[in-house]
Ligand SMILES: Cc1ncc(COP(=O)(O)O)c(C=O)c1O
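Before any questions on how it binds or moves, here is one chain, the form predicted alone, in structure tokens.
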Amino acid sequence: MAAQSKIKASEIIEPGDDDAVALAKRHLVQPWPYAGSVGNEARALIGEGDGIYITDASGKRLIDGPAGMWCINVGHRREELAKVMYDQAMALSYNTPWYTMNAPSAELAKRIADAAPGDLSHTFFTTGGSSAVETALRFMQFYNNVRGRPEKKLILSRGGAYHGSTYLSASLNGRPRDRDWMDGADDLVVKLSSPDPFRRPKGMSTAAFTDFLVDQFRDTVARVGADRIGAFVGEPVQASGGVIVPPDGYLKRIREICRENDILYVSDEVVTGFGRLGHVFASGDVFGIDPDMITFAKGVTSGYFPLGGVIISERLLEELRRSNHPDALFGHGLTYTSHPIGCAVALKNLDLLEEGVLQHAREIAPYFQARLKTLEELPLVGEVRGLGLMACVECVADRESKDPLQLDKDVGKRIDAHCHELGLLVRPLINMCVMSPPLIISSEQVDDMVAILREGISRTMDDLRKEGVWRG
């Protein structure tokens, strides 16, 4: 076999950058498009990545502030992961999961069980986060059908939540604008308040706000009926909703209400899993809860291959095995369930995490949070919040009213544009900027990131003043 050579992404991009933009506008439908530009849109073209950096089409080097989409946890251009993909593809590129299996998926399922809290012992692998949440919900429906409770199917979700883009998972979403023009299974979903301390009622303490959230949950169960509610689905930290860190003790209290009412607790760790909070899973190690199911994706392969999954409690599986319906079929599966390449990559990624990346993430996180917190000195910034290596800078018109700039809902995009010029990619969310860099980021790189973000916000404040949108 010919000797392998190292090839940079810039050497293999085809067609050229200009052609790619033109082709995208003619043929590519981007995710989350507006009707006025759907099918006629090109977004920022990225040529290559290295460590915590990416390079755009003009050759500008940028800090990858969002780590792709919360997922490039071990950084770009990890040769170990690329080699595993090649080796596994040359050994076995695919097998049908309907009547065959592969060794990497079995080994990965065992290692995930070892890291999971409580009695979570078995994993069903999917292609990503949306299909993981969809699988958990379909399993809940199947579980209650087999147990003779076909009416126990309602799902509790919360404002500010994001759980995916498939039909059932998207029905749980509670972010502004997500559902304005989209249908969903609204008859199956009951929405609760977002656990956002920053937006709690004026004059209410955090402790009182926590009691309010818990009382609302308990009252909703009583009003709707525990015999009709199949599951509660919640992110430990609401990620795309603006990095909403719940009040202390809130999740534990919600878990207890679910247990008391035989409601399955599904912890959506698509973002928080595999290192974002310094642990493989945050549910047990950070928040002290043992869910009935955990969904995951993104960081499981550090974004190098599409893979997700749902980990299921041994108790639930045992109850199914003991049921009076041994022939009941869980009619659910995906062509790429337990994909051998994805599972092989995840195994090596887990090695990298456990061999030092998780420890580094835990050590650098306090510095990351403290440095970002200094941005609250800027008058446009209402709050900087976060946990681990995920944070949100929320901009407001004034701190007293916490008005999210009603005259300029795209302030986040303005900040992102300035930061792009300065060497940083951020994730703009209406009036917020989300930061979740690769876990390998150094303290010096954190300093660079915060300095650029500070300048980007300062330039945006100048723009808003000149336009008369904001006085500051």
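Start at 1 and count along the sequence shown; that's the residue number. Source: prediction; values computed, not measured.
In what follows, reference is made to the form predicted in complex with the ligand, a form of this protein that is not presented.
- Under a 4.5 angstroms non-hydrogen atom cutoff, the ligand in the predicted bound form lacks G275 among its neighbouring residues.
- Under a 4.5 angstroms non-hydrogen atom cutoff, the ligand in the predicted bound form lacks K348 among its neighbouring residues.
- For the chain shown alone, V271 is a contact residue for the ligand in the predicted bound form, at least one non-hydrogen atom being within 4.5 angstroms.
- At the 4.5 Å threshold, heavy atoms of G129 reach the ligand in the predicted bound form.
- From the list 159-167, 146-154, 72-80, 211-219, the contact stretch for the ligand in the predicted bound form under a 4.5 Å heavy atom rule is 159-167.
- Judged against the ligand in the predicted bound form with a 4.5 angstroms heavy atom cut-off, the residues E235, S240 and K298 are in contact without exception.
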